[in-house]
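In structure tokens, one chain follows: the form predicted alone.
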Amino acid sequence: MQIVKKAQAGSFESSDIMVLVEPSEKSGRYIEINSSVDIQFGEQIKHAINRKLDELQVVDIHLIAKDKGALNLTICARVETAVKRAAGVQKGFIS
């Protein structure tokens, strides 16, 4: 999947994660993680993000994650939503 524009998903609420994605200026993945639980779960968060990016076949991306203690399922859902929005596959809406 190719990232063509900036997009985001999630919130700054407790137990959630804000994921911001944009096209990378260079080839490769550039992932920045800021987490309130980084010491305990930083590697698991990074692994969950990379696993979801692998699943979505995203190679070139700049991703910023601001985590407030989200569970793995939430992390994966936010990454998938942000990537699909950035690729133009899914649009955000309020119902």
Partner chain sequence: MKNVIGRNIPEYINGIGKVEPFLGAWEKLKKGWMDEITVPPPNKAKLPHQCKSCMDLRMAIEKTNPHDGMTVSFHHHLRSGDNILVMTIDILAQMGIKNITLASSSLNNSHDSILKYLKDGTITKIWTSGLRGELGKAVSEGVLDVPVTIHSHGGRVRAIHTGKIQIDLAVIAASAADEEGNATGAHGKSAFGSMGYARIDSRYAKQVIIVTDNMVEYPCTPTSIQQHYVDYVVKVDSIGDASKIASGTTRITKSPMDLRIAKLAADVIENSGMFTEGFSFQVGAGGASLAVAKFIREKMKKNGVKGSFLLGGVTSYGVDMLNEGLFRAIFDVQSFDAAVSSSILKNRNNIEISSGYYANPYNCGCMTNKLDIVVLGALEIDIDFNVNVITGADGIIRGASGGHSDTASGANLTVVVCPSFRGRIPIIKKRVHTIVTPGETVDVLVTERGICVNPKKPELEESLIKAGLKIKKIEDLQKEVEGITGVEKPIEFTDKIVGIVEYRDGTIIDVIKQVKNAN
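Positions refer to the first chain, counted from 1. Since we're looking at a predicted model, the values are computed, not measured.
We do not show the form predicted together with its partner chain, though everything after this point is about it.
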* Hey, in the predicted bound form, does residue 83 get a heavy atom within 4.5 angstroms of its partner chain? -> no
* To do: Flag residue 19 as yes or no: does it have a non-hydrogen atom within 4.5 angstroms of any non-hydrogen atom of its partner chain in the predicted bound form?
  => no
* Though only this chain appears here, would residue 11 touch its partner chain in the predicted bound form if you measure heavy atom gaps against 4.5 Å? -> no
* Contact between residue 28 and its partner chain in the predicted bound form at 4.5 Å, heavy atoms? -> no
* Enumerate the residues of 44-82 that have a non-hydrogen atom within 4.5 Å of its partner chain in the predicted bound form, in sequence order, or give none. => 44, 45, 68, 69, 70, 71, 72, 75
